[in-house]
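As a starting point, one isolated chain is supplied in structure tokens, in the form predicted on its own.
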Amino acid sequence: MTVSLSAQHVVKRYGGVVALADGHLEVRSGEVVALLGANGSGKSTLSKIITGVVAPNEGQLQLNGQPITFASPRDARRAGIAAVYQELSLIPDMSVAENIWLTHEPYQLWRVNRRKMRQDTQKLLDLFGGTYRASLTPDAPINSLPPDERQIVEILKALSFQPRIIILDEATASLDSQQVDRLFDLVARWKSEGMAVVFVSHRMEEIFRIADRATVLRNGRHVGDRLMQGTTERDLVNLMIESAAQPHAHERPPLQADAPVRLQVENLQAGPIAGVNLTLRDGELLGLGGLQGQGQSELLLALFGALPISRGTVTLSGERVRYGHPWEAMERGVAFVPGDRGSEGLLLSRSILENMHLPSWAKFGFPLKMRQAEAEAQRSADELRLVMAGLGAPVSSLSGGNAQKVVIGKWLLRSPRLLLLNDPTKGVDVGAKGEFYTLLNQLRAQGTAILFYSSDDDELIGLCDRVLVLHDGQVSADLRGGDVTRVNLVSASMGGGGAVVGG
């Protein structure tokens, strides 16, 4: 059965803030449409309107040529529309099977048929067979899974509703390259079966690889559609942002070879980390590369005192340290910016002001010196060019890029000397990335030492003085200068290398 979906002149306002001024999208059976735009352009809002999460103030949705409205996501699912969102909707304490079939469990008489639920879950998991660990089973609790496997479950949860239209909103952001390949194989199959796919991503390579057509929003308005054949990345960027400065068009501050050593790590073992050595100097940006799940996140957590160290030494500013709690690292000028802002970086139900000072409220005394706190938060917001209704607005009202600015800004208020970054630009648009890159270079010029994990090889190539590639919890290559290339990064991530190991 063919299907078509059209959203025309859709408007959504939150009080005085216009989240979507003139949204437009059309997608048909057997087609992949990329929905593009900078953070804050209205992509997520339009997606949530299409899936019944929020109601529009104006405009019209049409399904198969007929006007339609959705009072809830359940209404949209009944109409054959499902979505995989950037912020996961899984319940941590429930199993994989329970999450996938929540609200539409298979019943036998009056009881849930758990045997059938497990069997049907395994059939779905088999779609990604060979790309995840053996511990990912129907009975595995969600809170035991790493981010990539949680993302797989989120995708399978949407598929369990047998949709005719599926929206993939940054669905590849947490997946490794093998998992992305499998997802794209599935998308090709869905196209051949007549499914319509809306694909939201900030990875241009993926967009050109999978999409047939692109719809671009800017500042809440539809600004154009392009067939991917014959279109260039520059064409799309020009539509997405008014000043189409490329995010990698930046100059690195020169690295001082005799700068003081801020961090020295020797034979570090913690969790999956199996003996890492590195040296990081003031003003240096040291990258961590490799496929996801090779120990990069655990290394950063161990250096922040959030993961116990079983062996090895960590020396900070010439003094050997071993933290029992992240507060001890914070007191020594260490900051950690997580990539999963929704679950690790923000209190989504609280205000922007409260989130900006999460690590720092103690310094404002008791009773709190609110005027001072507000002034400092506003100054940081201005420096970061944070687009918001006001400091009192809930942080959940921000676009993805602006929310990530809050995650970073709360640490910058503490003037860290060592900044640990865990894939901080995941799901952030090209414009916000450009601002972030400029900020990193400013911090380096001020002498901040930065250890930076990114799942985007282009970021590592464009930003870093050196890149340590991790494979199976160990450094497989230490790439420097002209050796920081895509070929070397890919080779080392697969366990090859041939470069100097260690730091």
Partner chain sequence: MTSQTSSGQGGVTGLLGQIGRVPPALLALILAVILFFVGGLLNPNFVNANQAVNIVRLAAFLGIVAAGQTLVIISGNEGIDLSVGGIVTLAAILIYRISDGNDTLLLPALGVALLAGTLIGVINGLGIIAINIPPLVMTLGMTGVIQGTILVVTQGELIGDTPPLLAQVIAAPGPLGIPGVVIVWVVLGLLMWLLLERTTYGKQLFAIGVNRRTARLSGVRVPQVVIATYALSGMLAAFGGFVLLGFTQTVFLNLGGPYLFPSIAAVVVGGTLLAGGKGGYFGTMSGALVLTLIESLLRAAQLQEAYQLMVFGLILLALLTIYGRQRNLRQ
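Numbering follows the first chain given and starts at 1. What you see is a predicted model, and the numbers here were worked out from it, not measured in a lab.
The following text describes the form predicted in complex with the partner chain, which does not appear among the structures shown.
Peer 1: Checking a candidate spot here: are G431, F436 and G462 all in contact with the partner chain in the predicted bound form (at least one heavy atom each within 4.5 Å)?
Peer 2: No: none of G431, F436 and G462 comes within 4.5 Å of the partner chain in the predicted bound form.
Peer 1: Could you spot which one of V261, V387, A306, A274 gets a heavy atom to within 4.5 Å of the partner chain in the predicted bound form?
Peer 2: By the 4.5 Å criterion, the partner-contacting residue is A306.
Peer 1: Looking at G401, G287, G220, G345, which has any heavy atom no more than 4.5 Å from the partner chain in the predicted bound form?
Peer 2: Among G401, G287, G220, G345, a heavy atom within 4.5 Å of the partner chain in the predicted bound form occurs only for G345.
Peer 1: In terms of non-hydrogen atoms within 4.5 angstroms, which of the given stretches 150-158, 298-306, 182-190, 113-121 touches the partner chain in the predicted bound form?
Peer 2: Flagged stretch: 298-306.
Peer 1: Can you tell me whether F336 touches the partner chain? I mean in the predicted bound form, with a 4.5 angstroms heavy atom cut-off.
Peer 2: It does: once the partner chain is placed as it appears in the predicted bound form, F336 has a heavy atom within 4.5 Å of it.
Peer 1: Determine whether any heavy atom of Y323 comes within 4.5 Å of a heavy atom of the partner chain in the predicted bound form, and answer yes or no.
Peer 2: No, no contact at 4.5 Å.
Peer 1: Using a 4.5 Å heavy atom cut-off, state whether D169 contacts the partner chain in the predicted bound form.
Peer 2: D169 lies outside the contact set for the partner chain.
Peer 1: So, S349 and the partner chain: in the predicted bound form, are they within 4.5 Å at any heavy atom pair?
Peer 2: Result yes; S349 sits at the interface with the partner chain in the predicted bound form.
Peer 1: Could you pull out the residues of 353-372 that have any heavy atom within 4.5 Å of the partner chain in the predicted bound form?
Peer 2: Result: E354, L358, P359, W361, A362, F366, P367, L368, M370.
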